[in-house]
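In structure tokens, one chain follows: the form predicted alone.
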Amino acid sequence: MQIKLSSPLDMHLHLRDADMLKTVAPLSSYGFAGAIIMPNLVPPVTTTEALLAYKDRILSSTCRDKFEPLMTLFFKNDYSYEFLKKAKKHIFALKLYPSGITTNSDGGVSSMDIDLLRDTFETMSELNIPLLVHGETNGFVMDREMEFGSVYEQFASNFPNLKIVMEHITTAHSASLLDKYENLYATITLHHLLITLDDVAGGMLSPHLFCKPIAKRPEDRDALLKLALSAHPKVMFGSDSAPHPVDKKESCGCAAGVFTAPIALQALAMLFEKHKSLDKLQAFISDNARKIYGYKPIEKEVILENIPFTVPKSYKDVVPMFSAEKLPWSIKSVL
């Protein structure tokens, strides 16, 4: 049995930089036609010059694969109208991080006060620049995303012409907001469709499944599965694949992030087949994102076949999800 996927897209991807970039970029560019690249480097990507230089480094690391990095700027309150107007032709979106909430986010927004954000949001609305949001507060770790729900509602209701993407949603509450506001959309990761907090910390601690937002309850996972497996038109795949070297994961102060780039398509095929929803995979992996963003990707055809694939134990010093395990699907060819 084979599955043909047309121009798969990863709408939330971390590629890091330097040697890590060279290791992980080809693992996404091989099977995906494009990806939205997160800007939380050190220092974060906040200028057009830094963005274009980073894009060049990405393209030089992708082994000449047909792949388009969709670049983002790290959200700042003080971007001028003139700056964003000039930058628009180079950027796909702006990514908002609450300050200190996740990896390399210390320079993020410290207040979600609408009045403080109004000028930038109105400029983005006028210029049709989407807003991507890591939606968590600094509250109790299991409640952070749910607590941020009221912020999403304020953003959506006060700026109805601003396209807002709730990134890597993990709760049933976030899922419920999609049908409440016309301008709210969401990405969903592979790992949040598969795991709960029990898989991370219910027995022996599994550091390679630790991420932010943290995996939640079974009922939250079920709500995400319902959206993805039905190819709800307002959700799209975003891996949030977040590589860290093994010494940063298997250590005190474990870094947050699950590395799924090299196994995402194979594992999604496994998941959708299990739930008898393979006919919805194309929409979740590409078609919905095209419609939501009005984006035409590079033409790329990926053929998956149900022949077992043994996941490498590591890719250099980065351990993937399903490390050393067998998945029932493999990539046969990329055209």
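All values derive from a computational prediction rather than experimental measurement. Start at 1 and count along the sequence shown; that's the residue number.
If you look for the form predicted in complex with a small molecule, you will not find it shown, but the lines that follow are about it.
Checked against the small molecule in the predicted bound form, the candidates 246, 142, 127, 256 yield a single residue with a heavy atom inside 4.5 Å, and that residue is 256.
Checked against the small molecule in the predicted bound form, the residues 184, 211, 96, 195 give one hit for a heavy atom within 4.5 Å, which is 211. Contact annotation: the small molecule lies within 4.5 Å of heavy atoms from the stretch 96 to 104 in the predicted bound form, the single such stretch among 158 to 166, 78 to 86, 195 to 203, 96 to 104. Among residues of the shown chain, residue 242 is one whose heavy atoms approach the small molecule to within 4.5 Å in the predicted bound form.
Interface residue remark: residue 40 is counted as part of the site for the small molecule in the predicted bound form, having a heavy atom within 4.5 Å.
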